[in-house]
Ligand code: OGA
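Single chain ahead, by itself, as structure tokens, in the form predicted alone.
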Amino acid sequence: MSATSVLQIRPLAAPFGAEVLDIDLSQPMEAAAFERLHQAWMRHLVLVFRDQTSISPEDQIAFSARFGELLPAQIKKYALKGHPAIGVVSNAKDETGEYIGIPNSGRNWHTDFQFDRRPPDATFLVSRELPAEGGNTLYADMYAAYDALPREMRERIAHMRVIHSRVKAWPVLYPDRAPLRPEDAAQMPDVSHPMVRTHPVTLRKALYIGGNMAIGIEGMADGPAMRLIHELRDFAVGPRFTYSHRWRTGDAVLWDNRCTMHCATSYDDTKYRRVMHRTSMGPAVPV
């Protein structure tokens, strides 16, 4: 069916998330259908679209752009040819032996581009080639994690700001990549964001504790700051707050970075290829 059909939203058998049924994202979507889709996204945080085997890069761009300004691919050389807003995440290599995308990406809990002053509101990931086993993506509901904190902890962290550093975290997170050149590091200043983020649409509060590039908390010594960050992160990724997405051929997934974290899981990359196309939309300063 086309994307103009009446949408069916079915909650997942998980703490959060939903499947969008009877939709073909390669087709134009009427405004009323998109509004219902957006409302479902606000309610469920993560939307799963099955059987999207016909979606082209142009279709992905058109759909993604409805959620806000498109960001360029995180690493320019891994942008899909002819489509600078689509980043390729893959262990596959070209005829020269170079990776066609970012390999081993995101295998720590994180929120996309949290090291930027204006990280994206939304991420849309389209599967192009999948391993036969492994390679799940885990998601965490940061609304629910915040709501479940003791009142004393919520009051304690209400005005804290987490410091994120892509430069300091680089050698730990990317041991297989070349060290940053000084001129590249100069383009990656540290940033700080609120530990508790208010969603601009739902007005709900969510933990925004920092992903794998969090290095501290403003005004707090390094040791206590990292202990608190790790304590909150470990709490937030407990089973009652998480969903594990097992990818199927044709899957596409949309998630809200303002109220979720996610983590890629491993697979046998010596045996299987995995090719994913990612778009990131709606950059904004967290408040």
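Just so you know, these numbers come straight off a predicted model, no measurement behind them. In this text, residue numbers run from 1 along the sequence as written.
Another form, the form predicted in complex with the named molecule, is not on view; read the next lines as being about it.
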| item | value |
| --- | --- |
| The named molecule in the model of the complex: contacted by all of 36, 199 and 204, heavy atom 4.5 Å | no |
| Location of the named molecule contact in the model of the complex, chosen stretch of 144-152, 191-199, 172-180, 100-108 [non-hydrogen atom, 4.5 Å] | 100-108 |
| The single option of 162, 213, 86, 125 touching the named molecule in the model of the complex, heavy atom within 4.5 Å | 125 |
| is_contact(residue 262, the named molecule) in the model of the complex, heavy atom dist at most 4.5 Å | yes |
| Distance check, residue 121 to the named molecule in the model of the complex, heavy atom within 4.5 Å | no |
